[in-house]
Structures are given as structure tokens and as C-alpha cells.
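First, one chain by itself in C-alpha cells, the form predicted alone.
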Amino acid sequence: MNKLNRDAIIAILLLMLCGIFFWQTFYIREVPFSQVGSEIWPRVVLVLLTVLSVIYLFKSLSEPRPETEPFSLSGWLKTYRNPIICFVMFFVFLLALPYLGMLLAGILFVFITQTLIGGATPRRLVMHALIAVLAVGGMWSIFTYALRVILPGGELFY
């Protein structure tokens, strides 16, 4: 095994966060008319996150450390281009959400993010549009009609 590297430290931090969050699930208030406890869904997600973090930890400890180049801003931006695009687009999505609503802002967020990351050929644009409409529309339909969750509607369409 190698020494602790950056990935191993992140995996350990994730495991610690999972433990803290799991501990906090014992303080979730029970809803009297619920058939399933309110703490079940967060615990399922946390168990999955814990399993993934353990896999991440073992993988980071078992693989050899890659050769690193000297730090350069352009190299860093090139490496982290896609995550930066995702964070910026998510911030724009959050700003647009009160005005456009969940459905339209979500479709635009998914479509534009996929286009920025995956390219803009005519075939890809069609595929991005289909994925955006089906994924966000399906999720919106499930929450709105099956789960009866009221999602933000947006000010422009009222």
C-alpha cells in the first residue's frame, strides 16, 4: 500500500461525514401518519455513500500514485474544466429557478450543461434535448403526480 494520498484523505473525510450524518438520522422527527419512518431514506442513501466511500478508499490506497507535473493554472483549468462548468451552470440554474420554475430551468440546465461538456454537433444537440426533456420531465412528473411534491413553478408562467 502507498502512503496516504489526496484521494485517500478525501475518502476518509467522506466516511467521517457519513458517520456524522448517519448519527444525525436518529434525531429526525417521526411523522405520526407515515407508514415508513422518516429516517429510512436518508439512511439508505448514507449506506450507499458509505459503501462507495470505502471502495474509493481501497482503490486510492491500492493504486500506485501517478506521476505529477508541476502546477500550472492552464493545466489545472484543463483538468477541472468539466466540474467547473457543472458548478457554474448549477449556480445559474439556482438563479433561474425562481423565474423559470423547476421544469423549464431543469431542462435548460441539463441541455446546456450537456452541450458545453459533450459538444454541439447536430446529432448531439438532438440527443441532449431528448435526454434533458425525458430526464427532467420524468423526474418532475414523478415528484408532481406520484409523490405529490409541489416543485417551484416560477414567476414567469403565473
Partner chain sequence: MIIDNLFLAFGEVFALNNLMLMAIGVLAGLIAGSIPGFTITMAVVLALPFTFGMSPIEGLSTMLGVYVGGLTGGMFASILIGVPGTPSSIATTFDGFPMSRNGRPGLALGIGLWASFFGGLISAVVLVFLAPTLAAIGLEFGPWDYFMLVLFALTIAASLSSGAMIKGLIAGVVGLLIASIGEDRVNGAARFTFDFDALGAGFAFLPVLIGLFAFSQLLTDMSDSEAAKKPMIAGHQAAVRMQHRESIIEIFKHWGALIRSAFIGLFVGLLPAAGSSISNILAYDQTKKASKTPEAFGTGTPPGLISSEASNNATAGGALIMMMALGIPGDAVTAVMLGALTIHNIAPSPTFITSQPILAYGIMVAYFLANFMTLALTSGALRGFLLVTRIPLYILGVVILLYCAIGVFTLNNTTFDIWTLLAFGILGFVMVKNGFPLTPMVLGVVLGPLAELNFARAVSTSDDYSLFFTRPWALFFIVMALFSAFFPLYQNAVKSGKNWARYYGVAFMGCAGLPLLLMEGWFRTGLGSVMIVLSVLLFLKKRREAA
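Residue numbers count along the first chain shown, from 1. What you are looking at is a predicted structure, and each value in this text was computed from that prediction instead of being measured. Rigid core (definition): largest C-alpha set, two forms, superposition within 1.5 Å.
Form predicted in complex with its partner chain: not shown, discussed below.
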Does the 4.5 Å heavy atom contact test between V126 and its partner chain in the model of the complex come out positive?
no
Mark L151 yes when one of its heavy atoms lies within 4.5 Å of a heavy atom of its partner chain in the model of the complex, and no otherwise.
yes
Is S72 part of the interface with its partner chain in the model of the complex - any heavy atom within 4.5 Å?
no
4.5 Å heavy atom contact, L130 to its partner chain in the model of the complex:
no
Can you name the residues of 77-110 that have a non-hydrogen atom within 4.5 angstroms of its partner chain in the model of the complex?
T79, Y80, R81, N82, P83, C86, F87, F90, F91, F93, L94, L95, L97, M102, G106, F109, V110
W23: with the rigid core matched between this form and the one not shown, does its Cα shift 2 Å or more?
yes
Per-residue C-alpha change between this form and the one not shown, V149, threshold 2 Å, rigid core fit
no
My question is whether L108 is one of the residues whose C-alpha shifts by 2 Å or more between this form and the one not shown, given a fit on the rigid core.
no
